[in-house]
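This document opens with one chain alone, in structure tokens, the form predicted on its own.
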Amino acid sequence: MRYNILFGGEAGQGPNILTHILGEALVNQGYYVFYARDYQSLIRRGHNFNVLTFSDKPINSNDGQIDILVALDENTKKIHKKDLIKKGIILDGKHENMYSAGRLFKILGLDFKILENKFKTLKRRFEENMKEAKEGYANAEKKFDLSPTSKNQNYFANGSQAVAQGAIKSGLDFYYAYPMTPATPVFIELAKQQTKNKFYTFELENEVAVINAAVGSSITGAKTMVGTSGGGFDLMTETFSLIGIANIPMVIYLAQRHGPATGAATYTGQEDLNTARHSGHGEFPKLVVAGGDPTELEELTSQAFYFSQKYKIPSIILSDKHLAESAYTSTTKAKITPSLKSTKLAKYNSKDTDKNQSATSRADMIKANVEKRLQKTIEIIKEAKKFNMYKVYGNKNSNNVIVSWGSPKGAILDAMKGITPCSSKMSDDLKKSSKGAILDATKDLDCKFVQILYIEPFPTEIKKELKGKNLILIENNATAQLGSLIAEKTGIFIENKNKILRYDGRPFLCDELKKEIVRRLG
């Protein structure tokens, strides 16, 4: 069982709250829910939409085919009607969004009391919302029976909430940021919780001020973190070199979006892997990690604090718009790595220094400082092996190996499973080109998936997982940056014909990705 509901309308019409209310309700009923947002950089008008996918089994992505279309304006219907399955349902008409909520809850067979409770938690427009929803509920016909499943104690959160929780549980003292999509939601999450958890958030005038103010906090011994996206990260990189030479602990959250420059500011991409790896001039150690779901992001955020404090280095957490703003159903709690504060107020210098932290140009001192940084890199590599630097899913003995990093994880895992979407279109398309059972959409694909979590240091041990295999690389960029990194670190090259790259600002969809994978396998 797997259903897709699209909510669409103009900016300001409320598709977000409608999506989240239903998502939380379904999770509370014991279902697994995933939803992603697609919106333009506009306050009003334009076209925004969310796709919510739910199932009685774990899911982590959307499909291209839609089962129910909730059109809050005519434009939504015009744009997305082509994606509706043959027996799909359209909810339209000139009504408020909570009228549509009532209709949708009735169609899905959900008790109206659930919706009423959700309105109470909103703490605004309760009477108006109830009136609209009751009218919609009365004017709809039950089509499904989504009775409660098992009482799963699942967690419903997006990647931004996970990063915020990872920082709070790591003992965050100061968070600095200048608002920039899609990093801003972490800023908002932390700001809401700063009084309760006794830390501070600061918005400064630009990213140069942000990173330098953070340095000031860090050298007093405070656990400090900054957040930004690609353009803001560019402005911070000069100070990275100061952090590297002066041994200052710092955690940086880098939420990627499509670039270069402003690019498509509200759309996703994985274009900054190389930027993160090579940030700052000169040679100094750093940590770069990338999660593929909220649980991993929370865990990796705590690990970023651990490495930054223990080794006094910059630790970069890579995410992207899709992962930061999509809501996932998590079945397990994150394992937090505790970290101790390691820095005390002292003398710091941006130049090479002697034992007294005074500037020096002596050759022997410069050489000794470089060697200390090289030794620190060796120690970090050794320490990183205590953590999951990569994960393996699927048939671990398969000759077919998918390799990827970050947010594509969800669509890859779903595509590997034997699924029967509501629409038979995907199965029919696959069977037309099928020459064997591997192309049957209802069966698990004969492959394993290697997910890279640590970008720097890189887990060279994955060579044993990749060597001599039929490799498929999946990334949300045009230049296969992970593929180049794998070649650099292992000597293994992935052919262009086996690269599935998406670079239009949109995330991978399960059904479309599955077709691309089986085409390579075929």
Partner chain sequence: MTNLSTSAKITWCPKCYNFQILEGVKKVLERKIKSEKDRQKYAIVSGIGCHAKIFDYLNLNGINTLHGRVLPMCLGMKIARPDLTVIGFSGDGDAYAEGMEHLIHTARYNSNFKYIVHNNQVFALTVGQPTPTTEIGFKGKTIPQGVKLPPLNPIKLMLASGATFVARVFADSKQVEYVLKQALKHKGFAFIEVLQPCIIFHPDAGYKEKTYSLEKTKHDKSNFRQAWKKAEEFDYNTIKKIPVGIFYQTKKPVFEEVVK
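Computed from a predicted model, the values in this text were never measured in an experiment. Residue numbers count along the first chain shown, from 1.
Another form exists, predicted in complex with the partner chain; not displayed. Remarks below refer to it.
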| property | result |
| --- | --- |
| Proximity of Y200 to the partner chain in the model of the complex, heavy atoms at 4.5 Å | yes |
| 4.5 Å heavy atom contact, T239 and the partner chain in the model of the complex | yes |
| Touches the partner chain in the model of the complex: A213 (any heavy atom, 4.5 Å) | yes |
| 4.5 angstroms heavy atom contact with the partner chain in the model of the complex for I248 | yes |
| Partner-facing stretch of 311 to 319, 217 to 225, 72 to 80, 255 to 263, counted where any non-hydrogen atom is within 4.5 angstroms of the partner chain in the model of the complex | 217 to 225 |
| Partner-contacting position among A191, A209, I366, L374 - heavy atom within 4.5 Å of the partner chain in the model of the complex | A209 |
| Listed residue that, although the partner chain is not shown, lies within 4.5 Å of it in the model of the complex (heavy atoms), from I378, V370, A138, L204 | L204 |
| Partner contacts in the model of the complex for 346 to 367 (non-hydrogen atom within 4.5 angstroms of the partner chain) | A346, K347, Y348, N349, S350, K351, N356, Q357, S358, A359 |
